[in-house]
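Given as structure tokens, the chain that follows is alone and in the form predicted on its own.
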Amino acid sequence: MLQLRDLPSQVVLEKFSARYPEADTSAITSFLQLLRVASDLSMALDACLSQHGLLQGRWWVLILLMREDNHMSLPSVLAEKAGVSRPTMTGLIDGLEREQLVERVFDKDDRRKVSIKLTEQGQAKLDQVMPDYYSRLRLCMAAVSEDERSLLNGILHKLDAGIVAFDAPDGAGL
């Protein structure tokens, strides 16, 4: 992933807005800062998880399975919840299965139907990772008050709703 380390100055943004009248310099500044922080947070999470021998994709699969009452789910459901393709999910499951963190459970009546189950080793891995993750997350968010967190969540929901602007041709339909 490309990471923009040198965010544009106000002078640079004003040059762009002179050329492109659609440019909203405060929106650009906020957007680029958000992308930068999101990228940095993702890298920090990767570094934390790698200390436990995990990558984000595999970790999320374990989390999704742990959320289920019976610690089981279908691969297609996992793919949908994780926002990845089915082949990508198959690769994640294959790696987790090799490490004995999950297992495939075949339906007794239809062997084509398979569920993925979190193993005891998978739960033990989460029990090792999660206290470290939660401690780091608490420290990361320590400077943000409860009111600011609530405000941030509201802003992020608004931004999430606006993502469709990137999907629509020429911003049409907004």
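Only a predicted model underlies this, so the values are computations on that prediction, with no experimental measurement involved. Don't overthink the numbering: it's just position in the shown sequence, from 1.
Below, we turn to the form predicted together with the DNA, even though it does not appear here.
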_Among the candidates Arg149, Arg112, Arg67, Arg138, the residue which, in the predicted complex, approaches the DNA to within 4.5 Å (heavy atoms)_ = Arg112
*is_contact(Leu74, the DNA) in the predicted complex, heavy atom dist at most 4.5 Å*: yes
*asked:* I'd like to check something about Val102: if you look in the predicted complex, is any of its heavy atoms closer than or equal to 4.5 Å to a heavy atom of the DNA?
replied: no
*Verify the contact flag for Leu92: yes if a non-hydrogen atom of it lies within 4.5 Å of a non-hydrogen atom of the DNA in the predicted complex, no if not.*
yes
*Answer yes if any heavy atom of Lys81 is within 4.5 Å of a heavy atom of the DNA in the predicted complex; otherwise answer no.*
no
*Heavy atoms within 4.5 Å of the DNA in the predicted complex: which stretch among 117-125, 104-112, 30-38, 140-148?*
104-112
*Though the partner is not shown here, which residues of 84-98 have a heavy atom within 4.5 Å of the DNA in the predicted complex?*
Val84, Ser85, Arg86, Pro87, Thr88, Thr90, Leu92
